[in-house]
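One chain comes next, on its own, written as C-alpha cells: the form predicted alone.
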C-alpha cells in the first residue's frame, strides 16, 4: 500500500488547480487536509468544493500542525522565499509555485537552506508533464534526435484589465515581473528541458497591452550551450491563445500541441527525416507508457521521489536555471545588450532582476 501524504495548500487560487488536477486525482497518494487563504470567501468555496474541513487564514498556524507532511505554497511570488524557508524549518516537505523566488541570490539562499533540511522542496513546472512532450524527451535522451539545430518557442496568451484588478498583479513589488516571469516561464523551461542550457541571450521587452508596471510583450534571441539557436516570443494580447514549441534536430523535428496551458499533451508531431530515423523512433516508443498531464503527472512523480529518495521531478537547480534565464533576459532588455550565461554572484543583476527604479 502506498504512503498517503497529508497536504496543506496555501492559497486557493492556483492552489485549486493543484487540488483538482493533482491531489484529488490520486487519493491513494495524497490527502489535502488543510486549506489556508486570507480571502474568507475563496477559503470557504474551495474548502467546500473539495470537502476540506480544516480551513484557516494563518500560515503560522499551518506550520505548527504536526500531522502535515507537505505544505504547498500557492501565494503571490513576493511571499515565496520567507514561506518556503519557514516550511523547511518546520520540517515539512514543500511544493512552491513559480516563480520560486525573486532573484538568484534568493534561490541560492533557498538551496542552502534545503541542503540540510528534513523535508525536500519541489518547485512547480507542471508543463513538463504530458504524453507528447515526454515522448519527445525520451527520443532525445535516447540519442535518436541527433544534433540540435533550432527552436522556436511561442507563448501567445490573453490577459485583460479584469486579470490585473487583483491588487498584487502587474506590479514589480509583488508580482516581481510580467510575461517573461509569470507566463512564458513554463515554455522557456521546456526549451532547456529538451535542448539543454542557454549560453547567451538578447531580449526586448515592452508594455503594450495593459496599463501596468511590468512587461506584457517580449522577444528574445538565444544561443544554446550546444550551439543551437532559439527564439522566444510572448504576448498577453493574443486573440487566440496558444503555446507552441518547434524544435529541429539532425534526425527529427518536433512540433508541440497548441493548447495554451497544456502544450505537453498529445498530439505532438514527431517528424523523422529518414526511414532509418523513423524505424529507430518507433522502436524506442514500442513499449511507451502514457504520461499524465500537468499536476497529475508531476505530483505522482513527486510521490515516488519522496518515498524512495530519488531525484524530484523538478529540482531546485531546475528552478535556478529558469530564474537565471529570466535574470539574463531582463538584464539584456534593460541594458539593450547581449548577456552571457552563467551569471556569477558578482553580476549586477544577481541580487535582483528588477529595473533599477524598482529595486529595494
Ligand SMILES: NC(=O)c1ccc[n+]([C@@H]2O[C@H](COP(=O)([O-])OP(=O)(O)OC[C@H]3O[C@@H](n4cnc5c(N)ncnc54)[C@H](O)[C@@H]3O)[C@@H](O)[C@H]2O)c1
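Residue numbers count along the first chain shown, from 1. Being a predicted model, the structure only gives us computed values, none of them experimental.
Beyond the structure shown, there is the form predicted together with the ligand, which is absent from this document and is the topic of what follows.
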Give a yes or no on whether every one of 148, 196 and 247 sits within 4.5 angstroms of the ligand in the model of the complex by heavy atom. no
Answer key, the ligand contact in the model of the complex at 4.5 Å (heavy atoms) among 127, 164, 172, 254: the residue is 127
The unique member of 28, 311, 61, 39 whose heavy atoms fall within 4.5 Å of the ligand in the model of the complex: 39
Taking any heavy atom pair closer than or equal to 4.5 Å as contact, tell me whether residue 75 reaches the ligand in the model of the complex. yes
In the model of the complex, does residue 13 have a heavy atom within 4.5 Å of the ligand? yes
Residue 98 versus the ligand, in the model of the complex: is there a non-hydrogen atom within 4.5 Å? yes
Just checking whether residue 83 would be counted as a contact of the ligand in the model of the complex - the rule being heavy atoms within 4.5 angstroms. yes
Residues in which of 330-338, 316-324, 301-309, 29-37 have heavy atoms within 4.5 Å of the ligand in the model of the complex? 29-37
Given a 4.5 Å distance limit between heavy atoms, list every residue of 180-213 close to the ligand in the model of the complex, or none if there are none. 186
